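Single chain ahead, written as structure tokens, the form predicted on its own.
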């Protein structure tokens, strides 16, 4: 792979590019889905090819190829450089690409490689999870159970001198039952996704996720529609993580700065929340779905402290954004595959824990609502607006958790909402996700502790 990358880079430089990089990928994927006890899909696939970029004076060009031969790589390198040269007169800002170089080989070790597990064994797991939900209660009228795994080998090289080989391995299991009792129809989704091999599926949480999802969806039958109004809101770790990831984290992706599309544009080094608030994006965490050692530009990753003691201190950078903004690169360039150019992306994003016990947090809340998990929502990072519907919640009256509620949403401006965070729990949990941006999806995790926001308008029935 090193020889092929060198051929493409040298070809691009010879044509006239000032910077070039190559990503050569070999990814194997399995997806198994069972709906209502019937196999919906069973698919094993492989994605193999190279993505090549060329740059000159602010102009980028990108191409992909599955022709991993010397001739194919040379031809693609030449073509992509010619495209960059053809567009350089049209760029709005001229700049150069610079950054550190790395040489490394990282082989990710797992206990049970996916290839060592038969498709029949994986199918049996999904069937067991689906049966758990279907057999839990006769009111469960529909089930959807999904298993997926992905193993990636990636080689990255650029004209600065970086040469990096990395591996990654991520499995996931999902259970989504639907319950119906008369006109009352509810649905819930539970998932487990970590970094590792098939051994992740041996954990109790994975082995019993169908039961856990079924138990929660049955509980939802006893819920009532929430009444809209102003509440002190306690967010659980999942909803907290969704808010931090979607409403705040996307706004810290540094490609928003040149395009002026973030509510945080003038906030670097300034206060964005109370002094006890810290927010982190950390791809170095062990065993997490959003973790990786080097990004898709070959930059070594590090823990990114986005907010420290209420101050916005760091952004999520690619080589382009760190070069243009004169900041340190921090390994946040990610791609869905070799078929896409890297973008500034999150990894494992969360609010740092505080010092409140959960029981103390609830007991200290007199007129409030505990909101849990997530159904859907929208965000506008350019202005900081967001809306999220929780999957369920619980009324808090005089410090006691009471009636379960549904159809309840949290909305507002992220900077106003963060300023109202007055208590942060000492617990911590991350939830698996897949983040979309620019037509690309990458594996992530988000979460944190329970946290309370004062006097928030809540949408209900």
Partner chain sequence: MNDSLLEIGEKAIKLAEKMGSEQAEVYVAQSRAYEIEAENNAIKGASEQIDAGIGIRTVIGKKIGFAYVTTLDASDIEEAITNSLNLAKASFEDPDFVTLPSSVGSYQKAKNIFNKEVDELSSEEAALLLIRTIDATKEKLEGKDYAISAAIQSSSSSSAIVNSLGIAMAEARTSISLYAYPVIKEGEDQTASYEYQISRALNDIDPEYIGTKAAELALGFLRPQTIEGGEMPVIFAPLGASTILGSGFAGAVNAEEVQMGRSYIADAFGENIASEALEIIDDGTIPGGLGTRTFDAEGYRSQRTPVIESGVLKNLLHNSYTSNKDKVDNTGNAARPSYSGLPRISTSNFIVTPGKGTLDDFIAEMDKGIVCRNTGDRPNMTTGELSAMVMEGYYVENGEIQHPLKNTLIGINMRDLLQRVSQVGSDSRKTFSMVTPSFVIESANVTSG
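Take the two forms, superpose them, and find the largest set of C-alpha atoms that agree within 1.5 Å; that set is the rigid core. Positions refer to the first chain, counted from 1. Quick caveat, the model's predicted, so the values are computed rather than measured.
Another form, the form predicted together with its partner chain, is not on view; read the next lines as being about it.
> Let me know the one among 327, 358, 203, 119 whose heavy atoms come within 4.5 Å of its partner chain in the model of the complex, would you?
Flagged contact: 119.
> May I ask you to choose, among 421, 395, 411, 432, the residue with a heavy atom within 4.5 Å of its partner chain in the model of the complex?
Contact with its partner chain in the model of the complex is made by 411 alone.
> Name the stretch, out of 148-156, 308-316, 337-345, 189-197, where some heavy atom lies within 4.5 Å of its partner chain in the model of the complex.
Result for this chain: 337-345.
> Is residue 113 close enough to its partner chain in the model of the complex to count, meaning some heavy atom within 4.5 Å?
It does not: once its partner chain is placed as it appears in the model of the complex, residue 113 has no heavy atom within 4.5 Å of it.
> Using the partner position in the model of the complex, report whether residue 286 sits within 4.5 Å of its partner chain, counting heavy atoms only.
Residue 286 lies outside the contact set for its partner chain.
> Is there any non-hydrogen atom of residue 416 lying within 4.5 Å of its partner chain in the model of the complex?
Within the cut-off, so yes.
> Determine whether any heavy atom of residue 373 comes within 4.5 Å of a heavy atom of its partner chain in the model of the complex, and answer yes or no.
Close contact is absent here: in the model of the complex, residue 373 is far from its partner chain, nothing within 4.5 Å, heavy atoms only.
> Within 4.5 Å of its partner chain in the model of the complex, which residues of 60-98 have a heavy atom? Give them in sequence order, or say none.
Result: 60, 61, 62, 63, 64, 66, 83, 87, 90, 91, 92, 93.
> Superposing on the rigid core, do we see a C-alpha displacement of 2 Å or more at residue 161 between this form and the one not shown?
Not so; residue 161 is displaced by less than 2 Å.
> Classify residue 230 as shifted (yes) or not shifted (no) between this form and the one not shown, where shifted means its C-alpha moves by 2 Å or more with the rigid core superposed.
The answer is yes; the displacement is at least 2 Å.
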